[in-house]
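A single chain, nothing else alongside it, follows as structure tokens in the form predicted on its own.
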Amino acid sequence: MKAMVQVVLCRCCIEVSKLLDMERLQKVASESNNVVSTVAVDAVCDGRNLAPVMAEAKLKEVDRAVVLACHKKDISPAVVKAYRRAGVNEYLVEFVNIREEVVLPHMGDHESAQKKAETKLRAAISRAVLLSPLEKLTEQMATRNVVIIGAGVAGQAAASEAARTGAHTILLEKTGRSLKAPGVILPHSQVVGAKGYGGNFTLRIRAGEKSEDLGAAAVVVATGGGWTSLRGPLAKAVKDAMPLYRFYEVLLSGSPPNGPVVIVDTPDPVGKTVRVQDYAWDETLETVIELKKKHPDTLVTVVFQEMRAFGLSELAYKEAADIGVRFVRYDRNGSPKVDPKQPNTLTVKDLSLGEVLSIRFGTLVFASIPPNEDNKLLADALRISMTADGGTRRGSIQRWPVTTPKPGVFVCGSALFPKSKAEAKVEGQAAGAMAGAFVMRGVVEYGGVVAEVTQDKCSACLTCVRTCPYEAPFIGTASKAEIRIQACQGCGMCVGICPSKAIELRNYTDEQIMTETRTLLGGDF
């Protein structure tokens, strides 16, 4: 059966219509085989402009489409929804990011931009003709549990927000401290293993000496920072030094500080054991202001490489300086040191003054928040990736900042990287709301663009099983690789690495890719 293609050209951005000859593009499209409809619209992302496009699609009995517009993620929801109503399978809609891939790189060269746009249009049409209709399948979730790992500010906020959606929350806290949060609270508990996929996870939980399996539809990673794992030469030199949160607890208890107080950004200023990155400066400023208000005669010095008092925290910085807190900035060439012969004196080169200062202290406090060591264990258990700084890797920072690349796993607070309590709370609320909404769907949607194995070619080498970050491939009863399509995210890693070339990605087959490539390069190879 002949493919019936509709080409949609978007001219919404000023740059597009100004640089490209849209009529010429329409002529190229209309002269291509299988194209039965060519339409130019003012804004594809505006659903109101799609009504006449869909009317023509129905009239011409279109079964697939090529859309030249902006980034796929910006426009695909509205376009796919419209085509679905018009009876076109969503996997037969091909997108070309003509704005970012053609217009912006060639702003000063009309001919190059036009030629590239026409080439990409022809390549997209050649690929669209070969696409196959795919379907999404659903599977019931076995539970409505949202498991939150970590019961700090972010974790408690996530639990409250997830419970508000109607989900059942289970809060895991590795300490035994008393908490108030909705749902079930499991003290002295942590995740040591996991299997399954978003919507139907099975977590291995260790509670004290016992281990048991726990079903979860979604997981929120809110492990916070690694306050208790501070290491470095300053921590080694001053045995009774303490992290900021512990000093704040002492301050709130009413106990006066022991002598002059010096707060240093990190116990390892050179960064050999702790990466010098973001610190709890909001909390530092809050603490020193509280300290000076309660004990105005106490000498307080804050020693730092970089002060990141964002937004309204600048006002707290000014207030702290006005009430007598001294701020000393240094760089690595003049980093703070403690001489064992003078264990209560910190020497540091003030970057502003260019002088080496000797600062006596009775209490030494560290404001750094190194990554939580639990992050690595959780990343291995949940099969999620980490950043170079030791935090949990998030999804798109612009669109989905509290998600991870693995569906059903969300992240918030200092599990990502150090941040203030206010930021952690807001992120916890966002992660909890998204996890709750995910769980309350009640079904897992899967399928579409997923990998599939040609059993005759498979040598059962386990390469795909070891490589896949989602644990989708497995060796089945026939001793050949199979794909658990509920877990597959269509990343294509197994396709590229399979030595037997036994795996293909639906709608990204070798034939489809080679046909598009030949059109792009204008050759036959």
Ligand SMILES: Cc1cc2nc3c(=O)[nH]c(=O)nc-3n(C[C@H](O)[C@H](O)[C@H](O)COP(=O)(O)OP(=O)(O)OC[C@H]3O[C@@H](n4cnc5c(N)ncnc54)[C@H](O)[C@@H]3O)c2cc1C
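All residue numbers refer to positions in the sequence shown, first residue = 1. Nothing here was measured: the structure is a model prediction, and the numbers come from that model.
This protein has a second form, the form predicted together with this ligand, left out of what is shown; the following refers to that one.
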Given the pose of this ligand in the predicted complex, superimposed here by the C-alphas around the site, does the shown chain leave the site open or is it blocked by 3 or more ligand atoms within 2.4 Å of backbone or C-beta atoms?
blocked
Have a look at 329-337, 169-177, 304-312, 123-131 and name the one stretch with heavy atoms inside 4.5 Å of this ligand in the predicted complex.
169-177
In the predicted complex, is there a heavy atom of this ligand that lies within 4.5 Å of any heavy atom of residue 162, even though the partner is absent here?
no
Please check if residue 370 has a heavy atom lying within 4.5 Å of any heavy atom of this ligand in the predicted complex.
no
Under a 4.5 Å heavy atom criterion, is residue 250 part of the interface with this ligand in the predicted complex?
no
Contact with this ligand in the predicted complex for residue 424, defined as at least one heavy atom pair within 4.5 Å: yes or no?
yes
To verify the annotation, which of these, 199, 150, 391, 267, has a non-hydrogen atom within 4.5 Å of this ligand in the predicted complex?
150
The one residue among 97, 76, 119, 190 placing a heavy atom within 4.5 Å of this ligand in the predicted complex is 190
Counting only heavy atoms, which residues in 406-424 are within 4.5 Å of this ligand in the predicted complex?
412, 413, 414, 415, 419, 420, 421, 422, 424
